[in-house]
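The chain below stands alone and is given in structure tokens; this is the form predicted alone.
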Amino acid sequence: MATEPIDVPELAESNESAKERLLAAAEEIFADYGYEGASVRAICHRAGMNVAAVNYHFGDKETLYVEAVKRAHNCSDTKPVDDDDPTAPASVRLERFIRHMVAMMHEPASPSAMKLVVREMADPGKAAATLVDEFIRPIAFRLRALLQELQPHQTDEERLMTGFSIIGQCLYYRQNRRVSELIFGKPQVEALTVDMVADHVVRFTRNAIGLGERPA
């Protein structure tokens, strides 16, 4: 019985380029069919690669899935900066935090990236745990620390809800962009620049937590 040849995948192609092709294909297949419904064969076919490519570059299907979810989550080129000036007032550091979050969330994500991340977060598994550990929890704890400085008399529950409100304002522009375009029209939504959105979220948040208008 003939078997499919097991070649070393894409020797003429760099490892990083081959891995990126696999991840792009995996993102689309996993988004459409989920982890259980997706097959390694379908992913490799979409990528135009030998079925041995997954084992060669990632070791197994589960690792490929985790990496595909991470890729989908990190589809923005803008990353949050470290708090490089801890001596700055907490209100300034909060504004800096918000502006970077808005910049991250304002870049449109591909439909497959959004679908894959939402699918994983709706039924969290190993990939969701990895996202939380590597990306989400550090950001959440940084925001919580800022709010503790700014609102030391708030209860933990109040502070948690305040944090959810701030993140929700930023996240809306990614998760609900296409629906907003259906409601209000694409030109009107596209006219909302990063600076416009960031200014709004900063102003809204400052007023909501009692800081008032930003000093001129």
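Residue numbers here begin at 1 and follow the sequence given. What we label the rigid core is the largest C-alpha set whose atoms superpose within 1.5 Å from one form to the other. Predicted, not measured: the structure shown is a model, and the values here were computed from it.
Here the subject shifts to the form predicted together with another copy of the chain, a form of this protein not shown in this document.
For the three residues Phe141, Glu157 and Gln175, verify that every one has a non-hydrogen atom within 4.5 Å of another copy of the chain in the model of the complex; reply yes or no.
Yes, each of Phe141, Glu157 and Gln175 comes within 4.5 Å of another copy of the chain in the model of the complex.
In the model of the complex, which of the listed residues (Asn50, Ser39, Ser180, Thr63) lies with a heavy atom within 4.5 Å of another copy of the chain?
So the residue touching another copy of the chain in the model of the complex, by this definition, is Ser180.
Arg137 near another copy of the chain in the model of the complex, any heavy atom under 4.5 Å?
Taking the distances in the model of the complex, the answer for Arg137 is yes, it comes within 4.5 Å of another copy of the chain.
Are any of the heavy atoms in Leu23 no more than 4.5 Å from a heavy atom of another copy of the chain in the model of the complex?
No, Leu23 sits far enough from another copy of the chain in the model of the complex that none of its heavy atoms falls within 4.5 Å.
Looking at the partner-bound form in the model of the complex, is Met121 within 4.5 Å of another copy of the chain by any heavy atom?
Residue-level check for Met121: yes, a contact with another copy of the chain.
When the contact criterion is heavy atoms within 4.5 Å, does Asn55 count as touching another copy of the chain in the model of the complex?
Outside the cut-off, so no.
Can you list, in sequence order, the residues from 45-59 that come within 4.5 Å of another copy of the chain in the model of the complex, counting heavy atoms only?
Going through 45-59 in order - heavy atoms within 4.5 Å of another copy of the chain in the model of the complex - there are no hits.
Is Lys126 displaced by at least 2 Å at its C-alpha between this form and the one not shown when the rigid core is overlaid?
Superposed on the core, Lys126 moves its C-alpha 2 Å or more between this form and the one not shown.
Answer yes if the CA of Val117 moves 2 Å or more between this form and the one not shown after aligning the rigid core, and no otherwise.
Yes, the C-alpha position differs by at least 2 Å between this form and the one not shown.
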